[in-house]
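For reference, the chain that follows is the form predicted alone, supplied as structure tokens.
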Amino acid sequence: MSTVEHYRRVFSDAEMVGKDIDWLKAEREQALADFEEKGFPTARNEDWKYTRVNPIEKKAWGWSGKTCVGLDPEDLNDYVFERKNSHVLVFVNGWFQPQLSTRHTLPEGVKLVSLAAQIADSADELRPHLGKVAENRNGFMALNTAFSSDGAYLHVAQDVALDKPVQLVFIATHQSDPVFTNTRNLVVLERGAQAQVVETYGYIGGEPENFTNAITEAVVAGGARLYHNIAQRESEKAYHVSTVAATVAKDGHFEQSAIAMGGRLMRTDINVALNEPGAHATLNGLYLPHKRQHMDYHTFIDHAAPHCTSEEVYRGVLDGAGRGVFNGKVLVREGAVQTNADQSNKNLLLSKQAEIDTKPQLEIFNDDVKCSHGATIGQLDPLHVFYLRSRGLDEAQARSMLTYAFANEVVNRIKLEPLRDRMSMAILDRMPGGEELKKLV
């Protein structure tokens, strides 16, 4: 059976929410047709030349049904922080689990529900934005649009500030057959609204060989501020492909911090469109592949209006036979005068087998701009290691402390303190002598 025939059969058998809604059904069928036309990306595609997805393509991934998971809220403590001071929506194998979630009283004008519940209740409310921010640019995105049935929907009304952060926790568990989950999240902030959102991807029980195919769409209206965070901590046997697409209006602010530690193969695309004057985007990222992990970040910031600003800070720490890819593209369109864009990518190689492919890009179509970019690749300085060893640390601890300091340049940029502390500890857990270093930091 061909790849197209397999997914066509899965599509016909899947019990998706909203099958009786005409416009949603039409969009899913069109997306499946898009997948049939595009297929999975290959090395002939410039944006995928360093990331081969053959292991994903070769597996016959099936529909993840609403299986009984038998988890307790305490089982999620490694991924959830401060339930009393945050709203927590938990999804297991792609489906919302209310018994594992915590939703406090929401301010007036805020809606926080699962996407499946919103589709069942009033799908037309989603129609102006769902699938409009993230287009089906490749086969993975088309598959998500065709199969997505659940995820999170957050809508914050004009001038409302959500006082507690929203944690979206996506957990994979072992299943007998290979399954893929196609999570879809939609965040809409109206004019002057504010929210903090954390997406966490993890696993419980063994190391499941799951495939996560996720899309998050964000609409940031004029003067609104969205702080978006991603902690990717899936099984090192898992496959993770995701896209974050955001549009930012006049004087709006989109800030993201993304940290990747898990997955056998991970690819994340982050596309931000600054559509009106005064819009701003900040993208922070940290990837830490080791063993034979492969991690790929592609960012695209579109300066489509004048007087917009953007900043990107990405760091890579690569060990073992880990491989990293960073491609950061900034487009300054004609007429987008007085643009200010800065991009930085620094990479630390800890072994001779580690590999990084970095490609910063600037495309500028007018003169009145201030843009810069840069990329570096290096190793730990032996003099710095020697200095720390002279202060009583052994070789492993000295190297770990220097590596932690390098990685923490990004972690310290996370605005949400509980998440910042959690990620700092998770990074130390991966390092030799990490338990001892926790006493020093």
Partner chain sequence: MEKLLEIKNLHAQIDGKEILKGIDLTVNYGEIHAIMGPNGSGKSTLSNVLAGREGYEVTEGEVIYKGRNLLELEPEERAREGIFMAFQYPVEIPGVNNSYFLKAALNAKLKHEGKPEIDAMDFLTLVRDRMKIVEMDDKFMNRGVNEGFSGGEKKRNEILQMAVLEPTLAILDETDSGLDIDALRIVAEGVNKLRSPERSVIMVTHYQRLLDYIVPDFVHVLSAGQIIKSGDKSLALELEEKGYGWLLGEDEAA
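Residue numbers count along the first chain shown, from 1. The structure presented is a predicted model; accordingly, all values stated were derived computationally and were not measured.
Although not depicted, the form predicted together with the partner chain is the subject of the following passage.
### Task
Please check if His384 has a heavy atom lying within 4.5 Å of any heavy atom of the partner chain in the predicted complex.
Close contact exists here: in the predicted complex, His384 approaches the partner chain to within 4.5 Å, heavy atoms only.
### Query
Do Gly392 and the partner chain share at least one heavy atom pair within 4.5 Å in the predicted complex?
Residue-level check for Gly392: yes, a contact with the partner chain.
### Query
If you check in the predicted complex, is Ala405 within 4.5 Å of the partner chain, heavy atoms only?
Result yes; Ala405 sits at the interface with the partner chain in the predicted complex.
### Leu388, heavy atom within 4.5 angstroms of the partner chain in the predicted complex
Heavy-atom contact with the partner chain at 4.5 Å: present for Leu388.
#### Entry: Listed residue (Leu416, Leu32, Met401, Ile56) with a non-hydrogen atom within 4.5 angstroms of the partner chain in the predicted complex
Result of the distance check: Met401.
### Query
Among 58 to 66, 24 to 32, 392 to 400, 44 to 52, which stretch sits within 4.5 Å of the partner chain in the predicted complex, heavy atoms only?
It is 392 to 400 that comes within 4.5 Å of the partner.
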